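Read the single chain below, which is given as structure tokens and is the form predicted on its own.
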Amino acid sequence: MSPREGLHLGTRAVHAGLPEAVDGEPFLPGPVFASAFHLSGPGTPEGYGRYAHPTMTRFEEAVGVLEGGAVLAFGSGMAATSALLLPLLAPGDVLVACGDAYPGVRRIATEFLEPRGVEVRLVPSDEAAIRSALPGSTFVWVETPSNPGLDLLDLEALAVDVHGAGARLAVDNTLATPYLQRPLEAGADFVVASGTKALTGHSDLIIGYVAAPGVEALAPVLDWRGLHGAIPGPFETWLAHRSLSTLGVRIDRQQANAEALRDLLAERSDVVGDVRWPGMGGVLCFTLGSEERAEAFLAACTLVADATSFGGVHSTAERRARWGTDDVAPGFVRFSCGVEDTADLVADVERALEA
């Protein structure tokens, strides 16, 4: 066994995708700003930056180490989602998707796939509901933990049933990241994620990816990416790779903060209801009874930004119903814990609850 086999995920995130050590060279080479490369003889896609560039390839190798498969990077999580669903589903196919998961998936399903002749079955993020929709299905899309409901699914058991029905399983791994969950090992056929969130964790770039057990399964996805030009640029890709090194320490602190806030909120049943934290990741949700009370809470926080993303080093929260895309109560708050000192964050939330 080589020295790097069997390493924990936090260690692998620090070293993934780095070149062999060469005296005088940096640990992680800087971004390669080029759109064209020397290419003689027969034409190959590698000769033009819309198909591949060295910085992106290195990042894909790094994420592949973490997810345990082959990876293709995209300009955003939605670009990755589109590149998986749109070329792989054809008229006559049947898509089962969690209707309470990311709203962009629902829009692709109902606005683009259904008119094309794909049957779409939207179900809750509930294993019994998903299984009841499996007969005749060809593709199943789940998100666990779901967003914003934070429901968990048993991926190993679900993968067995999905494959038994003759379908393929895709898992949105955005919230958990491969640090906490590796769907390919559980039997999923594809993993999709927005690396914008916890994977890179600094709220300073937009990126996404698709992973599969091998490169063969990604062939139509790769073709779609090249045709539509949905790649991330070299600087964003380099920032994303640089950010992987702190994945473990960031998520460990975010989880510790989430657990501490869960304990605080559970003690404040006088003002807080429906506290949800699946024990995975730094996101938790709760209800403050009304839109006005939720807005007052957000305004009173001093360490927590009112923002719609999650997974960053800065704590953020939002009243999720303001978008009108999720079936949640008006006072439902999605809270993303950052890496602030736990005592400071808990104190800030406690003060805001008094508002």
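Since this is a predicted model, take the numbers as computed values, not measurements. Residue positions are given as counts along the sequence shown, with the first one as 1.
This next part talks about the form predicted in complex with a small molecule, which is not shown.
Engineer: Thinking of the small molecule in the predicted bound form, which stretch from 111-119, 221-229, 276-284, 201-209 has heavy atoms inside 4.5 Å of it?
Structural biologist: It is the stretch 201-209.
Engineer: Please check if Glu143 has a heavy atom lying within 4.5 Å of any heavy atom of the small molecule in the predicted bound form.
Structural biologist: Glu143: contacts the small molecule in the predicted bound form.
Engineer: Please run the contact check for His241 against the small molecule in the predicted bound form: heavy atoms, 4.5 angstroms, yes or no?
Structural biologist: The answer is no: His241 has no heavy atom within 4.5 Å of the small molecule.
Engineer: Is Ser76 close to the small molecule in the predicted bound form, meaning a heavy atom pair under 4.5 Å apart or at it?
Structural biologist: The answer is yes: Ser76 has a heavy atom within 4.5 Å of the small molecule.
Engineer: With the cut-off set at 4.5 Å between non-hydrogen atoms, does Ser194 touch the small molecule in the predicted bound form?
Structural biologist: Yes, Ser194 is a contact residue.
Engineer: Which one of Ser82, Asn147, Ser125, Gln254 is close to the small molecule in the predicted bound form, taking close to mean a heavy atom within 4.5 Å?
Structural biologist: Result of the distance check: Asn147.
Engineer: Which residue, Phe139, Tyr102, Phe190, Tyr179, has a heavy atom that falls within 4.5 Å of the small molecule in the predicted bound form?
Structural biologist: So the residue touching the small molecule in the predicted bound form, by this definition, is Tyr102.
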